[in-house]
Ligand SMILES: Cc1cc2nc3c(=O)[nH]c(=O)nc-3n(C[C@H](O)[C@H](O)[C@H](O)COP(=O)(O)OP(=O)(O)OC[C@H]3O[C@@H](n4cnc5c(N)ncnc54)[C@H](O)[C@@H]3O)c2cc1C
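Listed next as structure tokens is one chain, alone, in the form predicted alone.
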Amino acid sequence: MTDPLANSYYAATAHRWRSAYDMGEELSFDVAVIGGGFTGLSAALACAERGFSVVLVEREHIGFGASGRNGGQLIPGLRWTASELESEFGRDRADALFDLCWRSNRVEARIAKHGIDCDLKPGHLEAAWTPKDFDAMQREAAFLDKRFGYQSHIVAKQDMAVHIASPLYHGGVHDPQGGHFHPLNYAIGLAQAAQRAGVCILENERVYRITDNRAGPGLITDRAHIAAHYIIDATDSWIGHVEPDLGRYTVPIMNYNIATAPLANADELLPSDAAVADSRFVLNYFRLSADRRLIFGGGERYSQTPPRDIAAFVRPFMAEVFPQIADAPIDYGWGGAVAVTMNRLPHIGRRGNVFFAHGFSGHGALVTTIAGELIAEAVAGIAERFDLLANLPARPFPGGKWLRRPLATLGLLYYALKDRLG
């Protein structure tokens, strides 16, 4: 499988990591986790902290998927706004989801607890592409303040230069509870913490299927049968390879990032050093790295074939936002699939002793850690908070195996066209 981190800034600046488990040891565990991203790592770590024996199996290497190559933006909440959640689910359930997904920053807590060095910085700005978008942002900020006492800062168009040196945007909302980080180093930090807690981590080991027989569930891998009382499937974009019926709930969208060379004028581009994401359906998102590069994500592709030149593909989006660095050298370009659900809410649940979580729809840098920890709670028999996420609505994409992706692509192209037409 082609490594999506092959020309990644994150891979080039990643901390050293080595798993230390010998396959010749005992292959019977309380919990077996599939997938070495944020969800799987946080679930494995939390299960080990509760006293379970745990093995984590990763087909490639820690952080191979979206966890190790995303934009590094830490955005509180879900893809639905808090007011949309309340309108759909009622006040009590919205309150519980808000406490879980807005107030509970488990990423920050894990970083502090384990001393993870991952360039964590505060502040996230949502930038309005249209005046209509800015009006909606202001209404939502007022709702968050009134209902939950959640403080964010409305930024008028004439004040946007405090955060961003670009004339494109019509205002925005700055959330000091948000932020950004080096996602691959966070994943490696979780892996190191999990290994210290006793988790056995197997990299370069493919899981072919989950078994369920009289002795209980288990995993069939390249080299072994691993017995476990509980299975946690955290394979996200690849979940259909292990559990084909769950694969019907997501489609992959290809997303690409670039990192410029270090910029002398980096602080002029983003003076507050906040991460930024704009309000378009096919959004731009960007931030500064610790060594003053601009990390920029822009555009989407619905074919799984990557562009021949990722830097050339993303550069026009960067130049539109920041014409002053249109010709800046680009040192890195990378990307890969993001699993997206029909309604952009994550698909989380359990079937017997098999738990799963996937489809974070490009909004998973914070909620994946929460999801993993809630699965660990449910494994331990405490399912109330897990059920809040497991009961979010979900339905498969129409079209079956062959038409699911083409039909989803048509829908995505429709919304992308609306972006261009305003």
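When you see a residue number, it is the position in the sequence shown, counting from 1. The model shown is predicted, which means the values in this text are computed figures rather than measured ones.
A second form of this protein, the form predicted in complex with the ligand, is not displayed here; the remarks below concern that form.
- Remark: residue 185 does not count among the residues lining the ligand in the model of the complex, judged by a heavy atom distance of 4.5 Å or less.
- Contact check for residue 170: no non-hydrogen atom falls within 4.5 Å of the ligand in the model of the complex.
- In the model of the complex, residue 338 approaches the ligand with a heavy atom inside 4.5 Å.
- Although the partner is absent here, residue 64 is a contact residue: one of its heavy atoms lies within 4.5 angstroms of the ligand in the model of the complex.
- A heavy atom within 4.5 Å of the ligand in the model of the complex is found for exactly one of 134, 238, 296, 98: 238.
- Partner proximity in the model of the complex, defined as non-hydrogen atoms within 4.5 angstroms of the ligand, places exactly one of 43 to 51, 373 to 381, 360 to 368, 387 to 395 at the interface: 360 to 368.
- Contacts of stretch 236 to 258 with the ligand in the model of the complex, defined by any heavy atom lying within 4.5 Å, are made by 236, 238, 242, 255, 257, listed in sequence order.
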